[in-house]
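Only one chain is given next, in structure tokens, and it is the form predicted alone.
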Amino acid sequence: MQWVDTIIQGILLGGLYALYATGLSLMFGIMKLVNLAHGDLIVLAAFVIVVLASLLPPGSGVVLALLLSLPIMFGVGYGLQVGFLNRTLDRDILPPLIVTFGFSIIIQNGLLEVFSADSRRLPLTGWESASLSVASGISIGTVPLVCFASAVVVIAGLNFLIYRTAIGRAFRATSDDPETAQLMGIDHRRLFAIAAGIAMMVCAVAALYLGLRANFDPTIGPARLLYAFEAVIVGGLGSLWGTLIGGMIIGVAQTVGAQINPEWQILTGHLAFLVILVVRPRGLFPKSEG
């Protein structure tokens, strides 16, 4: 039963990694943009939620703070895309990488200046430590379970948006053939800004569970970015459901490694990523094969 519990905990951890990765996958799938500041934007969203929670009346809860943070993060994504990133697209891959790397440095140092290097955590309300006993020796934490459910709901919602709505058709048309989409009257730069805003809203959801599950500080963004990259690449570039599976694979690899030797937790996740990358260089469910 111990190994069964290890696998379950790894799957639930994969839900968190999938939330880290979904916004990254969305931006790459629509605009072919690799955002090196993605992890730092998740941390930024976590600090936004902390500040909002501190301003709300006691007992309001972090969920209300999350809801208030969603339009803020949408505005951040929209503004960054319109003000900076749209100017770097349609050239080559290097300018967006340089610009987003610059964002990463600016966000980290800005957060350090405002909040210092002290670690923070979202306000506790009691349910963070609750758990469900499903069998002898197997207990599922409430936060990991809700986090995994949130990842499923977010990805299902994004798939509905992309494949069942008018703006989703515009997203797909622009992604597949931006020149023809422009000839049909689609403003691809506005669409990219909307996509970036939606991706930042997903970052806010990921930030909620980041802050509930562990302490965070302004410097942990690159590590979140690494987990997001691995989940996206394992699942297949541009595949949202593949991103969920990729996160689960990385999560299970880490918990299995930790069960064998606690020092191996991070290493086994990276090794699983490397093995899959060698066997399936384009990931398990690449978009073009979907």
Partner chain sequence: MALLQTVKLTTGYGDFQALFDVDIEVAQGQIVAVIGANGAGKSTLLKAVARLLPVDGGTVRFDGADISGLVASQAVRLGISLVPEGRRLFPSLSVEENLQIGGYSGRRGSWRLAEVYDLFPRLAERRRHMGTALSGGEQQMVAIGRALMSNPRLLLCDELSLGLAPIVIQDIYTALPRIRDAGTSLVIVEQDIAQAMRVADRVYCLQEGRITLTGRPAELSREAIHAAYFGA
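Positions refer to the first chain, counted from 1. All values derive from a computational prediction rather than experimental measurement.
The next section is about a form of this same protein that is not shown, the form predicted together with its partner chain.
For the residues Ile186, Ala156, Ile72, Val146, the 4.5 Å heavy atom test against its partner chain in the predicted complex is passed only by Ile186.
Taking non-hydrogen atoms only, Ala170 approaches its partner chain to within 4.5 angstroms in the predicted complex. Although the partner is absent from this view, Leu191 contacts its partner chain in the predicted complex, with a non-hydrogen atom inside 4.5 angstroms. Put simply, Thr180 is close to its partner chain in the predicted complex: some heavy atom of it is within 4.5 Å. Although the partner is absent from this view, Phe160 stays clear of its partner chain in the predicted complex, with no non-hydrogen atom inside 4.5 angstroms.
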